[in-house]
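This document starts with one chain, in the form predicted on its own, laid out as C-alpha coordinates.
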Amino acid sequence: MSEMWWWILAGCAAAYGFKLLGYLVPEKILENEKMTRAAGTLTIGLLASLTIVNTVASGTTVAFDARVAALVAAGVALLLRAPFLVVVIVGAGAAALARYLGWG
(Lines give C-alpha, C1' and ligand atoms only; values in the text may rest on other atoms or scores of the structure.)
Protein backbone atom coordinates (compact mmCIF):
# COMPACT_ATOMS: atom_id res chain seq x y z
CA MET A 1 0.00 0.00 0.00
CA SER A 2 1.43 3.32 -1.03
CA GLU A 3 1.91 6.25 1.31
CA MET A 4 -0.94 8.12 -0.37
CA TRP A 5 -3.47 5.49 0.68
CA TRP A 6 -2.41 5.82 4.30
CA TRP A 7 -3.06 9.57 4.08
CA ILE A 8 -6.45 8.92 2.49
CA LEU A 9 -7.37 6.45 5.24
CA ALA A 10 -6.17 8.91 7.88
CA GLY A 11 -8.31 11.64 6.31
CA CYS A 12 -11.33 9.33 6.28
CA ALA A 13 -10.77 8.42 9.92
CA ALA A 14 -10.43 12.09 10.86
CA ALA A 15 -13.61 13.02 8.99
CA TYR A 16 -15.53 10.17 10.64
CA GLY A 17 -14.14 11.20 14.02
CA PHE A 18 -15.37 14.78 13.51
CA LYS A 19 -18.77 13.41 12.56
CA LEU A 20 -18.90 11.35 15.75
CA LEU A 21 -17.87 14.40 17.78
CA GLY A 22 -20.92 16.17 16.39
CA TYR A 23 -23.15 13.77 18.33
CA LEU A 24 -21.56 14.99 21.54
CA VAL A 25 -22.58 18.62 20.99
CA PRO A 26 -25.39 19.50 23.40
CA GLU A 27 -28.81 19.97 21.83
CA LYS A 28 -29.07 23.43 23.40
CA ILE A 29 -26.19 24.66 21.25
CA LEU A 30 -27.56 23.07 18.07
CA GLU A 31 -30.97 24.71 18.51
CA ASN A 32 -29.46 28.17 19.00
CA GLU A 33 -30.72 30.57 16.30
CA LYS A 34 -27.24 31.90 15.52
CA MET A 35 -25.89 28.36 15.12
CA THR A 36 -28.76 27.40 12.81
CA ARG A 37 -28.20 30.51 10.69
CA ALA A 38 -24.43 29.94 10.55
CA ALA A 39 -24.89 26.31 9.50
CA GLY A 40 -27.30 27.30 6.74
CA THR A 41 -25.03 30.08 5.51
CA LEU A 42 -21.97 27.82 5.48
CA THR A 43 -23.87 25.20 3.52
CA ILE A 44 -24.90 27.73 0.87
CA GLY A 45 -21.35 29.07 0.63
CA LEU A 46 -19.89 25.59 0.31
CA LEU A 47 -22.34 24.57 -2.41
CA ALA A 48 -21.76 27.83 -4.31
CA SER A 49 -18.00 27.39 -4.22
CA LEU A 50 -18.28 23.77 -5.36
CA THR A 51 -20.51 24.87 -8.23
CA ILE A 52 -18.07 27.54 -9.37
CA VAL A 53 -15.06 25.23 -9.11
CA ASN A 54 -16.81 22.52 -11.11
CA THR A 55 -17.91 25.10 -13.68
CA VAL A 56 -14.64 26.83 -14.48
CA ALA A 57 -11.93 24.39 -13.39
CA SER A 58 -10.38 22.10 -15.95
CA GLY A 59 -7.54 20.21 -14.31
CA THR A 60 -5.19 22.86 -12.97
CA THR A 61 -6.39 25.61 -15.31
CA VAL A 62 -9.41 27.87 -15.55
CA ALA A 63 -11.59 27.22 -18.59
CA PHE A 64 -14.65 29.08 -19.82
CA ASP A 65 -16.61 26.62 -21.91
CA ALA A 66 -20.14 25.28 -22.31
CA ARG A 67 -20.43 24.75 -18.56
CA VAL A 68 -20.48 28.52 -18.05
CA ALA A 69 -23.37 28.85 -20.52
CA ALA A 70 -25.20 26.07 -18.67
CA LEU A 71 -24.68 27.78 -15.33
CA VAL A 72 -25.86 31.15 -16.64
CA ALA A 73 -28.94 29.60 -18.28
CA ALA A 74 -29.77 27.66 -15.11
CA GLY A 75 -29.31 30.82 -13.06
CA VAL A 76 -31.75 32.71 -15.28
CA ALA A 77 -34.24 29.85 -14.94
CA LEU A 78 -33.86 30.02 -11.18
CA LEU A 79 -34.44 33.77 -11.20
CA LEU A 80 -37.65 33.13 -13.13
CA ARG A 81 -38.62 30.66 -10.37
CA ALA A 82 -38.76 27.68 -12.69
CA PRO A 83 -39.17 24.23 -11.12
CA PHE A 84 -35.96 22.34 -10.41
CA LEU A 85 -36.44 19.88 -13.27
CA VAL A 86 -36.89 22.75 -15.71
CA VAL A 87 -33.72 24.40 -14.38
CA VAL A 88 -31.77 21.19 -15.00
CA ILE A 89 -33.21 20.79 -18.50
CA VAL A 90 -32.49 24.43 -19.38
CA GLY A 91 -28.91 24.10 -18.15
CA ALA A 92 -28.36 20.87 -20.05
CA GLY A 93 -29.91 22.35 -23.17
CA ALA A 94 -27.72 25.43 -22.96
CA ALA A 95 -24.61 23.29 -22.57
CA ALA A 96 -25.64 21.13 -25.52
CA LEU A 97 -26.33 24.20 -27.67
CA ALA A 98 -23.03 25.82 -26.71
CA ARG A 99 -21.12 22.64 -27.56
CA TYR A 100 -23.02 22.30 -30.83
CA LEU A 101 -21.98 25.84 -31.71
CA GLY A 102 -18.38 24.93 -30.98
CA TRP A 103 -17.89 26.63 -27.63
CA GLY A 104 -16.23 24.11 -25.39
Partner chain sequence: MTPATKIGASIAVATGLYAISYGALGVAAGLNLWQVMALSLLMFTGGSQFAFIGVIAGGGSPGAAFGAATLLGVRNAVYGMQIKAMLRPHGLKKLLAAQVTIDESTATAAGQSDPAEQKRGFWVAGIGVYVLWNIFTVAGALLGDALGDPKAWGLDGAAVAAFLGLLWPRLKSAEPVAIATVCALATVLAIPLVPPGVPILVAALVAGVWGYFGRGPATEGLEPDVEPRTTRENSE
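This one's a predicted model, so the numbers in the text were calculated from it and none came from an experiment. Positions refer to the first chain, counted from 1.
There is also a form predicted in complex with the partner chain; it is not shown, and the following applies to it.
The partner chain in the predicted complex comes within 4.5 Å of no heavy atom belonging to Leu101. Contacts with the partner chain in the predicted complex, taken as any heavy atom within 4.5 Å, map within 55-74 to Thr55, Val56, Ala57, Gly59, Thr60, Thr61, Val62, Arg67, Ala70, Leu71, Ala74.
In the predicted complex, the CA atoms of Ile8 and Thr43 draw together by 3 angstroms or more relative to this form.
Annotation: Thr43/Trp7 CA-CA distance shorter in the predicted complex than in the displayed model, change of at least 3 Å.
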